[in-house]
Structures are given as structure tokens and as C-alpha cells.
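In the form predicted on its own, a lone chain appears below as C-alpha cells.
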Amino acid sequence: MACNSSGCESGGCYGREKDNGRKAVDVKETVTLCVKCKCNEPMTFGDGGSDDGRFCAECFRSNVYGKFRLAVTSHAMITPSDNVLVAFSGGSSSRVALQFVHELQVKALKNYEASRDRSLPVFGVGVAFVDESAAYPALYGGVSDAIAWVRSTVLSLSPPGKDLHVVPIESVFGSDSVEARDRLVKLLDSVSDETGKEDLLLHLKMLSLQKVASENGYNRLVVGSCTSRLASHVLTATVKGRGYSLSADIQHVDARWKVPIVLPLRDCVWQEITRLCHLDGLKTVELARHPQSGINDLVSSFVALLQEENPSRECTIVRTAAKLTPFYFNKIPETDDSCVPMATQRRLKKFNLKYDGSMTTEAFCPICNCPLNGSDSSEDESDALYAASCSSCRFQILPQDGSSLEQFGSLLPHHMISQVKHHQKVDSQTYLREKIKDCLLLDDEEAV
């Protein structure tokens, strides 16, 4: 039996007290702390991620925001003189992109108000939501609720204020909404392949964003594509035979469009983004579409399984594909604008992707806007649209018989038709140059 004396040093009591004290010390030593700050208790999300329970809430958010900030500053995605349009679908990625861009704008406003000369203006921010109810009639009621939610979300952000643009996807066909909707429905009905229909809709959605951006004076389009989305795109593009144009789609900057597209969340995986939404209480909305049976959903499911087996698979896929040679348009054009700080201009020159001149092209597919190489040319084809398109769009989107192809071409938006005409002009110039190349002087030759 143990006595009640605190000073007893008998074998049983003293030994048990030493054991209890050692156990207390051991328990105290096994308390886990954040691996970064070594101060706070780490967060546990319970989603099976490899870094679950390693970072505290503050450090985790700092890590994700740090990736965003590094991408923005390293590639000069947003400068003080810019007017930025954020593509907002209501999903996790676009919600985080909007939140981070908003925080950048708030910080820029504080710096502007605190500076004496106020030489650097605050960049503008707008938000665009694409209404796809014309393409998916079953979503009509859900889209109305989603638009109301998007409007309230944008209004809930603190100043500076942000303009919201709700863009019907059929707006690229013209100003007459009824006629534009009919042309969209007929165009989609003429595509029999499920994957081809999805890809065509994706391009029409991008054209809608480009249209509203150019009409309202925006010079940057922020898209919330993350590492997980790009990993799936790498595999789907490979399966579809778009390996030549793959490097153009996975860089931080894509300036082949009239309004350059930037991907500030390119280095963030979807799991990190969903965790941040849960941590910050950022609400999202997902429109329930009918299950797809095309290549895109199949590859997305496959990549998700790979990610469950190894949490670094998505990053490995994107990192490997990023070793491909980029195109000349995968960078923000250098500018001498006085509103751009010298530090930003130096950083732009340092981090801008270098290319060796081999990945240059003047022709783009009018259907998907991917750059074309020599193997995509089809001089023997009598139809201009078929000759101007890439091999993937010919197989998945374009009708095979001549009459249907002509009808398909008549339904396309004006922007796509103008690209077909541009392709014909480029082909004629290339053909003429090839014919007279023996009569042309080289750069190092002089006329006699």
C-alpha cells in the first residue's frame, strides 16, 4: 500500500512517482506542433492528404497564398496599370482566385493611400460569370440561383468595388438572343461525339469571356485552373493527338488571345484549394450537370485515382509536361509603361520563358485555337474550314460529309470564321514565298 506522505521515499511510492513523472514528460513531448512555425497546433482536415496534420491554419493559408503571390509577381500577371477580369464559375478554384485577387487589390489600395506621391495606381478588378443554360437547358433554374449567389458574393467583398458581368454563352453568335440561342443549339446538335461537344463548349465559353473582356477594357483574364485541372488536361490532350500544342496550354501565361490569360493558381492542387475554402469559410456553388461519358471525365477519374495512390502524381504530371518547349506567346509582352515598377520589369525579363524560335506559328485552329504545325496542313482539301482545323477537331467535332460540314460552318461565330479566312491568307503568303524563295535575298546577302 502507498502512504499519504509526500516526502516518503520508499521503494514503491518513490518509484511510482518517478514513473508517473516520466510518463507526464513523455506525453508532453509527443504533442505535435506545426512543422513551419513550431508554435501552433496543426490543422487536421481528415481528407487523407499527405500533409494533413502538419501545418497550422495560419501557415497553411500562407503556403497557398505564397504560391499564388509568387506566380503573380514572377510572371508580372498583374501590374498597377492593369484592369483584371476574373473568370468566376462558383467552384472552389475560381472562388479562391477571386479572393486572392481581391486581397491583392486591397493591399494595393492601402499602399496607394499610404504613399505620399501616389504614383502607382490601383489595378481594377471585374468578375465575369458565363451563363451556360442555353447549352444545358436542364440547368436553367439552377443557373438563376447561381447568378443570384454570385452577385451577392461579389457585393459582399470589401471595397474597392468590382463590376459583375453575367455573359450568356450564346452572346458570341450575335446580339439577337433568340437567334443566337438557336444557332448554338443547332451547332451543338451537329456534333455527334460527346467529347467533341464538350471541347467546343469550352472554347465557346472562352470566346464569351474574351468578348466581355475586350468590350469592357480589361487587359488580363484570370482563370482559376489549378495543378489538378492541368494534369487531367495533359493526359486528355495527349490522347486526342494535341501533343504539339500541349505546352501552350499549361504555362502561367497564354497571350495567344486578344486579352492574355493568366493562371495564378497553376502551382496549387485542388485538395489545397478545397481545404482553404473550408478553412476561410468560402462558400462555393457547383451546378449539377448530367454525367458525361467522354474522354475528359474518364481521364479526370483516372487522375483522381492516381492522386489517391500517390499525392504527388498531379504535380509530377504537370512538372514533366512543363519541360516541353513553350511558344512565343507564353509570356506577357514586355512594356515600357511608366506605371509598371522597375522591379516588376526586371522580374518579368528574368522569369519570362525563353524559347529557341522553333515553336513559332502564325496559324491557329479556328475551332479550339490551338497552334498548328506542318502535319495539320491539308492542302488537298477543298473545304477551307476542314483545311484550317487541327487533326483532333477534324476527327471529334467536324462533320465528315460535305453538306453537313458546310452547314456546320455557317453556324459558327464570326470570330471562328475570321480565323478560317486568316488561315487562308497565311497559306497563300506561305505558298507565294515558297515559289519565289530562289529569288529572295538572304539577310547576309547584298544586291548586285
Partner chain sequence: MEASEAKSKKQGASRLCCLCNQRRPVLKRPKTLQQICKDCFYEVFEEEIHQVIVKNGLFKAGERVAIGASGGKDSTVLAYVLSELNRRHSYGLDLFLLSIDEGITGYRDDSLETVKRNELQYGLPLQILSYKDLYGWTMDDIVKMIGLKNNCTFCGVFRRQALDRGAALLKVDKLVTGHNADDIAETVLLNILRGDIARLSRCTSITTVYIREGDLHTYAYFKKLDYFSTECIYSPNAYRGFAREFIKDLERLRPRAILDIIKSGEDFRIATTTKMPEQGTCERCGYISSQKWCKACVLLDGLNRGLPKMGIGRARGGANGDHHKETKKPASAGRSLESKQCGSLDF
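Numbering follows the first chain given and starts at 1. Treat the numbers as computed from the prediction; the structure is a model and nothing was measured.
In what follows, reference is made to the form predicted in complex with the partner chain, a form of this protein that is not presented.
Asks: Considering 271, 99, 247, 225, which brings a non-hydrogen atom within 4.5 Å of the partner chain in the predicted complex?
Replies: Selected option: 247.
Asks: Tell me, which of 152, 115, 175, 293 has a heavy atom within 4.5 angstroms of the partner chain in the predicted complex?
Replies: Residue within 4.5 Å of the partner: 293.
Asks: Assess the spot marked by 136, 212 and 214: is the partner chain within 4.5 Å of a heavy atom from every one of these residues in the predicted complex?
Replies: Not a single residue of the candidate spot has a heavy atom within 4.5 Å of the partner chain in the predicted complex.
Asks: With the partner left out here, check for me: in the predicted complex, does some heavy atom of residue 326 sit within 4.5 Å of the partner chain?
Replies: Result yes; residue 326 sits at the interface with the partner chain in the predicted complex.
Asks: Does the partner chain come within 4.5 Å of any heavy atom of residue 240 in the predicted complex?
Replies: Output for residue 240 is yes: heavy atoms within 4.5 Å of the partner chain.
Asks: Check whether residue 418 has any heavy atom within 4.5 Å of a heavy atom of the partner chain in the predicted complex, and answer yes or no.
Replies: Residue 418 lies outside the contact set for the partner chain.
Asks: Give a yes or no for residue 313: in the predicted complex, does one of its heavy atoms lie within 4.5 Å of a heavy atom belonging to the partner chain?
Replies: So residue 313 counts as contacting the partner chain.
Asks: Select, from the options 277-285, 203-211, 227-235, 144-152, the stretch whose residues sit within 4.5 angstroms of the partner chain in the predicted complex by heavy atom distance.
Replies: It is the stretch 227-235.
Asks: From first to last in sequence, which residues of 88-102 have any non-hydrogen atom within 4.5 angstroms of the partner chain in the predicted complex?
Replies: Residues within 4.5 Å: none.
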